[in-house]
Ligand SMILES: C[S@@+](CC[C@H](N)C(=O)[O-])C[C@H]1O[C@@H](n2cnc3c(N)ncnc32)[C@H](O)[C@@H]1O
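Given next, in C-alpha cells, is a single chain: the form predicted alone.
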C-alpha cells in the first residue's frame, strides 16, 4: 500500500473520530476541498500527517474548534454577487408582497453579511416588517459574529458600490454606525432575524418557508450530500416557494429537479411547483 492510500485511511479514521466524539459528520464533503482544509490545519498546528491530529482533536476541544473553523464556509461579504440580490428583488419580492407575512431561511449564513444585505433590500421594498428570517450555520463562532452585526470597515467603499449594483435606493451608511475601524448595523435590521445553529448534514427541516437561500455552500458537498440537502430544502418550502443557489450551483440532475421551475437561470433562482 502506497503513502497516498495510507493518508486516505488516516483521513477516514480522523473523520470517524470527529463523528463519534463531536457528532459532526464530514464524510460527504467534497474530497479535494476536505483534503485541502485538513492540510491547512496541519500546517498551522505544525504537524505532518492526518493521524497526528486524531489524539489532539479527541482530547483538545480547542483543536476541534480550529478544525471546524477550517471546514466552515465563511467566504462572504455585503451584497456578494450583487446581480443575485437584484434578481431576488425583481423575481421574488413581488411574490412575497402578496403574503400577509412570510418566512425566509438563509442556510449556511456564515458571519451574516449577506443576511443583512437581504434585510436592507427587504426594508427598501417595504417588506421587512412582514418577514421572519431564520439565518443558520453550524459554526457557532460565525453565528456570534453575525448576531453582533459588527464588521470591519476597510471595504466599505466596495460594499457601497455592490449595494448600488444590487438595486439599493439610499446610501448604505443609512443602515449602520461607523466607529473607529468597524461598522455596526442598526438594530432595526435585526428585529425580524433569528440566528440559530443548524447542521445541514443531520438536522431537520424548517417548515413552510417561502424563500430559502443557500449560496456557495453545496459546492463543498459530494453528490449524495447535495441530494440530501436539496430534499431537505424541498420539504422545507411552502407550495410555490423559492430557492436561491450560488452561481456555480444548480438543481439540474438532482433528485428534486422535476419539482421546480427556473425563475432566473443566470442567477440560479428556482420555484417549487404545485
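Note that the structure is a prediction, hence the values are computed from the model and not measured. Residue numbers count along the first chain shown, from 1.
Just so you know, the form predicted in complex with the named molecule exists too; it's not on screen, but the next bit is about it.
- Of the candidates 96, 162, 201, 183, 201 is the one whose heavy atoms come within 4.5 Å of the named molecule in the predicted complex; the others do not.
- Taking a 4.5 Å heavy atom cutoff to the named molecule in the predicted complex, the contact residue among 41, 57, 217, 34 is 217.
- Although the partner is absent from the chain shown here, none of 134, 205 and 242 has a heavy atom within 4.5 Å of the named molecule in the predicted complex.
- Using a 4.5 Å cutoff between non-hydrogen atoms, residue 154 does not count as a contact of the named molecule in the predicted complex.
- When the named molecule is considered in the predicted complex, residue 120 lies well away from it, no heavy atom lying within 4.5 Å.
- When contacts are judged by a 4.5 Å heavy atom cut-off, residue 80 counts as touching the named molecule in the predicted complex.
- The named molecule in the predicted complex is approached by residue 72, whose closest heavy atom lies within 4.5 angstroms of it.
- Stretch 103 to 111 is the answer when you ask which of 145 to 153, 121 to 129, 173 to 181, 103 to 111 has residues with heavy atoms within 4.5 Å of the named molecule in the predicted complex.
- In the predicted complex, the residues of 127 to 151 lying within 4.5 Å of the named molecule by at least one heavy atom are, in order, 137, 138, 139.
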